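Let's start with one chain on its own, the form predicted alone, as structure tokens.
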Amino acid sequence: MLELRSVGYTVHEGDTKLDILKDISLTIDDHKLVVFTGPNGGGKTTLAKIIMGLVNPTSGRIIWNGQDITGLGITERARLGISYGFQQPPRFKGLTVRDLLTLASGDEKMSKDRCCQYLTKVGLCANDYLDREVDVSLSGGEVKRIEIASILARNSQLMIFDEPEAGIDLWSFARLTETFEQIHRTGSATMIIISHQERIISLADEVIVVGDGSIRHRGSAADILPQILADTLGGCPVLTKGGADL
């Protein structure tokens, strides 16, 4: 179980103090699929990076399976079963796709068939990619899918995906949503997905709307998605509702 207790993040620009996140508290139960959504710049990615340890909160605590991990770094959190997929994944010249999947899985003898299974789940053919380097020769969408495959290979307890739909084609997006559905159905991991896509939002057990650094609303996809879809002309009722519905 993941708990965030009064988490805040503040930065200073000259004499100006900017509260990027403001006193966020939430609990995410095991094996749930939770979607963070909301306007750009609202704090979704910062919140996800704080959970992974990429950003240190200026206040509050993060509890993972009963352990306070607030002071732990990225490596320690990864060892505890937390993984993160970036909006713009890094590239690794000299490292092949097979190398990356093998490192992620921790199995030095991982078979080609297993590699193929992970790549197929994200819409890639193993024969075309296993021996290619994860470098600038790959498109942004290809690198994104390979990174997601590496997270699947790691088999983490908590998987965080930051806009996994960014930069990939519609066919691959369909394969990814099927993969998310399968992971959720088998109960093999807890997933946090940052997304604006209706199809991903509709998969969620809970949707958390983050805006202006705060949790503006939370509830089931059935409750929140119609309100988001209705927001075509003006302020979204989910975002303008006073206070957080906790």
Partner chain sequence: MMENQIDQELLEKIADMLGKPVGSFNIRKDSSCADRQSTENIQITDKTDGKSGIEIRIKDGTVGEKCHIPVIITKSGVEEMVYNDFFIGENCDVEIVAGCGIHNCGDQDSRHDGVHTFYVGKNSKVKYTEKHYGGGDGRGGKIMNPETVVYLEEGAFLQMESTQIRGVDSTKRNTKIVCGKGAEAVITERLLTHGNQTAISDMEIVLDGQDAKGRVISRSVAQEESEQVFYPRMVGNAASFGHVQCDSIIMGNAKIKSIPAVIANCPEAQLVHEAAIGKIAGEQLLKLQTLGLTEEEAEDCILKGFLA
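These numbers come from a predicted model, not from an experiment. Numbering follows the first chain given and starts at 1.
A second form of this protein, the form predicted in complex with the partner chain, is not displayed here; the remarks below concern that form.
Q: Since exactly one of S111, T75, S139, N127 fits, which has a heavy atom within 4.5 Å of the partner chain in the predicted bound form?
A: Spelling it out, the residue with a heavy atom inside the cut-off is T75.
Q: With heavy atoms only and a cut-off of 4.5 Å, decide whether E147 touches the partner chain in the predicted bound form.
A: E147 belongs to the contact set for the partner chain.
Q: So in the predicted bound form, does any heavy atom of L54 sit within 4.5 Å of the partner chain?
A: Although the partner chain is absent here, L54 would touch it in the predicted bound form, with heavy atoms inside 4.5 Å.
Q: Given that the partner is absent here, does R91 sit within 4.5 Å of the partner chain in the predicted bound form, heavy atoms only?
A: Yes, contact at 4.5 Å.
Q: Is there any non-hydrogen atom of L95 lying within 4.5 Å of the partner chain in the predicted bound form?
A: Yes, L95 is a contact residue.
Q: Kindly indicate whether D169, I201 and I224 are, all three, within 4.5 angstroms of the partner chain in the predicted bound form, using heavy atoms.
A: No, none of the three is in contact.
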